[in-house]
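This document starts with one chain, in the form predicted alone, laid out as structure tokens.
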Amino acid sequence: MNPQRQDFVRRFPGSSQHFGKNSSFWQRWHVDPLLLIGLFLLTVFGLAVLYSASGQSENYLKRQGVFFVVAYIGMFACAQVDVQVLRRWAPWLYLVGVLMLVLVFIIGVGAKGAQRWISLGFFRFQPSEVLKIAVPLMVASYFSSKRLPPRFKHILWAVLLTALPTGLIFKQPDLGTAILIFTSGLIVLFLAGLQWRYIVGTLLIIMLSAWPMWYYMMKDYQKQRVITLLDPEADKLGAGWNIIQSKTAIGSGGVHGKGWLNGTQSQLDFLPESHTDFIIAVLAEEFGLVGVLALLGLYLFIIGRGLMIALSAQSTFSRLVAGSIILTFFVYVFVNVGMVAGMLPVVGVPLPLVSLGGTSILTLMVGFGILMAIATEKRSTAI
């Protein structure tokens, strides 16, 4: 072997060759330390806010703590999986997820007018959560074997792969999750090099389809959410109540807030869904603008680190998956903050890793585990 060829090893910032023995520990366990620190700080912050938002409920706090323990175990487990194994298994995961969505309509459990869960007796879960991971993996796997930027027929197939589970989830109905899953697929398509003429054409189609969607596809409660967004004062004690109370809580917090556990809107139950969809309003009331900026700073740190991992990924599949996971996480934050602030319709999207939730936390942490696997792949690559 040519000795010069043998000595040519690409060294990446943060690799074990660059930092020596200290970073080999993280490489050996397939963990990105910066991402882990950001997630841990967000977890602690989220548990503190949830305790107040839930009326100081120890049961909710213990339940969320158990969810996080399981989620972190899931994250570390997924980080050990080789990225190329994920690429090969992506079609099967996608197929299982779609079949479970079909089963929801046959044996699913309903609640609050929606049929979204499958019950296992001691536990029930939402199959739609599986598709939050399966869809970007599937679309990225499809494009990884194609020449990029994608041709028109490949774009159509990618849209179909994304639209199928999105349509099934929309029929449950679950508009918020449907939007997130459809967005995750479109992000992969965009990162694959989608040309601007297709983007402009898609926007025109969306605009032209708004009228038939309003009259023939959207349910009455979904229409009411859009109407409430435009004029929440029209029904102060009904549909507009959530948004009005949310804005009141945010505004009353001022710069420094009223103090932890001292918020009136949440503690006196004026703010509905204070421990789930509207939890950031509790944060704003008790910690003020400073607390909100601190939380958004943590989110930006995690998103920034995720984008760095995506940019440094070694394969097309890895780049597309990493980019989709972290940008979809950004959409989570953007939609929740936007709807709580009255800038977007209320679509039932929780604040990631802060709102009370089990399967959503597990899904998010699995995604971060995949990000760590991609980061490890970057560090251990030699050419």
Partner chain sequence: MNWAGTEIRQFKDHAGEARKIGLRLTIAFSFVSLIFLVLVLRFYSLQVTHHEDYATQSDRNRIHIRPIPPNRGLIFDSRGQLLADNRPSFNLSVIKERVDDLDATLAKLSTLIEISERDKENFYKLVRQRRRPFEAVPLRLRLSEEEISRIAVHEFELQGVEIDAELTRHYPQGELFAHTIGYVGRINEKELSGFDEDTYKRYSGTHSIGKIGLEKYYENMLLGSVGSEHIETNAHGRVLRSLERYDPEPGQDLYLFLDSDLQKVATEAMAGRRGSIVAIEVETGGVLAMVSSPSYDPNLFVSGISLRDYRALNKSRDLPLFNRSIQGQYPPGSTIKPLLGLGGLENQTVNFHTRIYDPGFYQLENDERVYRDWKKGGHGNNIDLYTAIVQSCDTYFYDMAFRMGVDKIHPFGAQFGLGQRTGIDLPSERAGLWPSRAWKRGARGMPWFPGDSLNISIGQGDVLTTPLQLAVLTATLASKGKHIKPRLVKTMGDQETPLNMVNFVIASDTNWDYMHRAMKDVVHGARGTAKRIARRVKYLMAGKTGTAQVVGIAQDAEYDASKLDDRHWDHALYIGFAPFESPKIAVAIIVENGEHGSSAAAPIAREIFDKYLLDD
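Numbering follows the first chain given and starts at 1. No experiment lies behind these values; they were computed from the predicted model shown.
Form predicted in complex with its partner chain: not shown, discussed below.
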In terms of non-hydrogen atoms within 4.5 angstroms, which of the given stretches 168-176, 80-88, 211-219, 97-105 touches its partner chain in the predicted bound form? 80-88
Answer with yes or no whether residue 125 is in contact with its partner chain in the predicted bound form, where contact means some heavy atom within 4.5 Å. no
Decide whether residue 117 counts as a contact residue for its partner chain in the predicted bound form under a heavy atom distance cut-off of 4.5 Å. no
Are any of the heavy atoms in residue 40 no more than 4.5 Å from a heavy atom of its partner chain in the predicted bound form? no
Even though its partner chain is not shown here, does residue 196 get within 4.5 Å of it in the predicted bound form, heavy atoms only? yes
From the list 242, 183, 141, 276, which entry has a heavy atom within 4.5 Å of its partner chain in the predicted bound form? 141
Assert contact residue (its partner chain, in the predicted bound form, non-hydrogen atom within 4.5 Å, options 44, 34, 343, 70) equals 343
Candidate spot 148, 248 and 293, all three touching its partner chain in the predicted bound form (heavy atom, 4.5 Å): yes
Does anything in 308-336 come within 4.5 Å of its partner chain in the predicted bound form by heavy atoms, and if so which residues, in order? 310, 311, 316, 319, 320, 323, 327, 330, 333, 334
